[in-house]
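First, one chain by itself: the form predicted alone, in structure tokens.
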Amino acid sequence: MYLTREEERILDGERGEAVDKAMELLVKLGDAYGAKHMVEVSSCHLVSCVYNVVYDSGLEIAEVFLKLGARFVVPTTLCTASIPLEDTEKFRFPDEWVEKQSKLCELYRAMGGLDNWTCIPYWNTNVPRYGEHIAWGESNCVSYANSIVGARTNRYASYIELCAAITGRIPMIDLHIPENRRGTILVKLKGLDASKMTAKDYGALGYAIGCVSAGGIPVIDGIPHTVSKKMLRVMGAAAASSGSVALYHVLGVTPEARSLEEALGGDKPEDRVEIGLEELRKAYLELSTAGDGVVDLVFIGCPHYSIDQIGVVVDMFRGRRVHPNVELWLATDNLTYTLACRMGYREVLERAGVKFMVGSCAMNAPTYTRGFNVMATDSAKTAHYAPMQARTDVFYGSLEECIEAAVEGRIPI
């Protein structure tokens, strides 16, 4: 792999031992993938800072890098922590877990990580532009940046994105290369009026798209140009969960799909599939393992809720309270939480029994240690992971259905 003079100086140790170690790993990665050269990145988003992703080995690695003098050289945001960063004690997670995630937080702040702890950095703190090369982890982040913005990143695992943040570089591989971003699977919506679909429907649609994508890049035909970025965010997060979809194209909507020819790069699709009512019904059935009965946990905010979404929840809770046998967790980032406090939203919701899960997520936290039986969620991504991560049965519903479940203590009929 060709290296610039600056990159050779880094490998020679002229920029410090931390940068040298990080560059060594990236060169090995590039050689393994047959990369021709490195590319500079404009930002990074890390999952290496999440305790339930890296555990004790991740603590050791972060400590070593910090002792070697590691500092981030590009804007670097941090993904959702494994504990809520406000009112941690209210969630009654194991002390050891809290202690270790807190230590990881300290280490990554010291290296220069932006202290927002979120899975939607693209919404407020780390907004890439079309064509920019970035090195991001976390599936919904990668999906959004690649698909909706048109930035260039792969779905980077722990420590790869960390090394990119320390060096400001990444090997030019996979989705950084224009021809590798061409669509491979044409997905047509059949008998679906996407203009009338709800967020719940888009979550199920994303789940179904992931299931048929088989590691390819779907090109979706049938979604109106008026679709909101929030609906696409919901769809992309679900597809990234069920099918590891890091990039999708929506004809006439996303920036690399102004036409079918552009989306496919002038080639024919390797496969063609149709998704209609039957496929959506199947997705709903697979996303809900609990059909009826008692609910003891309701989780909303995956991906993290924005301030307008929190405002909608506030309106739903005026004059209502969470059932005494239910916990309702609402996940959001630090900045949005601060705004919610200033706007009076926190006071209204906490009075109604809602717990703000600030800078965290039920799927990253040790939710399984609490012994919940049935979780209701408005997130297809959470519904996909909950049986494994939280060890609960799950009900996938709309936000309205989830609030009803929280108030009544039962899955709505």
Partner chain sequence: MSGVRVRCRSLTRGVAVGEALVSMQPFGFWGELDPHTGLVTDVHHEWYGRCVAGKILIFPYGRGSTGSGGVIVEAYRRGKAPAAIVNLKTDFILLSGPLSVEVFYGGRLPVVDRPEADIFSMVKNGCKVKVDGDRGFIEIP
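Numbering follows the first chain given and starts at 1. Owing to the predicted nature of the structure, the values given are computational and were not obtained by experimental measurement.
Only in words, not in the display: the form predicted together with its partner chain, which the text now covers.
Proximity to its partner chain in the model of the complex holds for none of 145, 232 and 392, with the criterion being a heavy atom within 4.5 Å. A heavy atom within 4.5 Å of its partner chain in the model of the complex is found for exactly one of 159, 123, 317, 91: 159. In terms of contact with its partner chain in the model of the complex, the residue from 279, 174, 327, 221 that brings a heavy atom within 4.5 Å is 174. Exactly one of the stretches 353 to 361, 37 to 45, 24 to 32, 369 to 377 approaches its partner chain in the model of the complex with heavy atoms within 4.5 Å, and it is 24 to 32.
Contact annotation: residue 244 falls within 4.5 Å of its partner chain in the model of the complex, judged by heavy atom distances.
Proximity of residue 163 to its partner chain in the model of the complex falls within the 4.5 Å heavy atom cutoff. Heavy atoms of residue 60 reach within 4.5 Å of its partner chain in the model of the complex, making it an interface residue. In the model of the complex, its partner chain sits within 4.5 Å of a heavy atom of residue 65. If you take 296 to 335 and check each residue for a heavy atom within 4.5 Å of its partner chain in the model of the complex, you get nothing at all.
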